[in-house]
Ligand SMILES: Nc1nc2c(ncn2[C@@H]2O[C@H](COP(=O)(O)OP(=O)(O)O)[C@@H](O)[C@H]2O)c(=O)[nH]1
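Single chain ahead, written as structure tokens, the form predicted alone.
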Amino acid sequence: MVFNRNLKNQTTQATQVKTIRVVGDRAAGKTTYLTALACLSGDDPDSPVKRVVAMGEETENLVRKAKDCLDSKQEISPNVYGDGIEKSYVFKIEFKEKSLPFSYPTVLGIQCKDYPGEFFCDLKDKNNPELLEKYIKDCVEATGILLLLDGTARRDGYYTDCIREFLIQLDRSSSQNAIPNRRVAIALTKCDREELWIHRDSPRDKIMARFQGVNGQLQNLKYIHVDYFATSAFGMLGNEYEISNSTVERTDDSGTRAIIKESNSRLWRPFGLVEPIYWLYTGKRY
């Protein structure tokens, strides 16, 4: 684990904390993503990340419970709809010396909210209007949006309808909001699967091919800047012959449900978790 109790209550004036909302369908991997992010360590020599510090009791509780699920090879429980508005998870991400270009920030402070997948569904179906409005208002106030798409899903029409309504609401609100050129990071999840791993360096092309309708919704946005990323919370095992660090429990058109094979930090190599957050925070890619 990456907890450092000497640091958990400290704040650094030089590090600005920016707010990010994690949005996506049910079982897209949102909570697993945040858990993997919190468990990043400096054991991977190829990663620029030195460590990630979970800040505050609520964040530590989230990660502790989720890590217990990972260690016992169980699926991580989803959030309850309505709770995500109140729960914020705060992380400090520190980078190794000389791992980033000169003048790039080497410490990020982020405050995340993990939206339940039911919010994503309600965008299309217009259910729970009062709760939906509450989530939208909360989302508009964030610095950036991380939109996770299960790269193994075949739900282009459904995703398109949900994302269309989400972007309409966000774009409309952003025109009157103090945040110009709001950033939305579109990230394919579960890229440890073979059919996605081979496209990890070209996520935009894969998104355009797999989710053609979604891609159409991402064009001609006046107040939103979009970029594309590939991620895997479980990552790969091995060096010369890499294999997925996940065991598939179920797969169908709605996507893939899987559990981790190896949660030992010396072997566990999550992929692409920090890149979208860094871009949302700075507008730069490293």
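Because the structure is a prediction, the values reported are computed rather than measured. Heads up: residue numbers just count along the shown sequence, starting at 1.
There is also a form predicted together with the named molecule; it is not shown, and the following applies to it.
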Q. With the partner left out of view, is A27 within 4.5 angstroms of the named molecule in the predicted complex by any non-hydrogen atom?
A. yes
(Q) Taking the named molecule as it sits in the predicted complex, is F229 near enough to touch it, meaning that at least one heavy atom pair lies within 4.5 angstroms? (A) no
Q.
Is it the case that Q217, even though its partner is missing from this view, gets within 4.5 Å of the named molecule in the predicted complex, heavy atoms only?
A. no
Q: Please check if R257 has a heavy atom lying within 4.5 Å of any heavy atom of the named molecule in the predicted complex.
A: yes
**Q.** Of L108, C121, I136, I76, the one that lies within 4.5 Å of the named molecule in the predicted complex (heavy atoms)
**A.** I76
Q: Have a look at 160-168, 190-198, 87-95, 207-215 and name the one stretch with heavy atoms inside 4.5 Å of the named molecule in the predicted complex.
A: 190-198
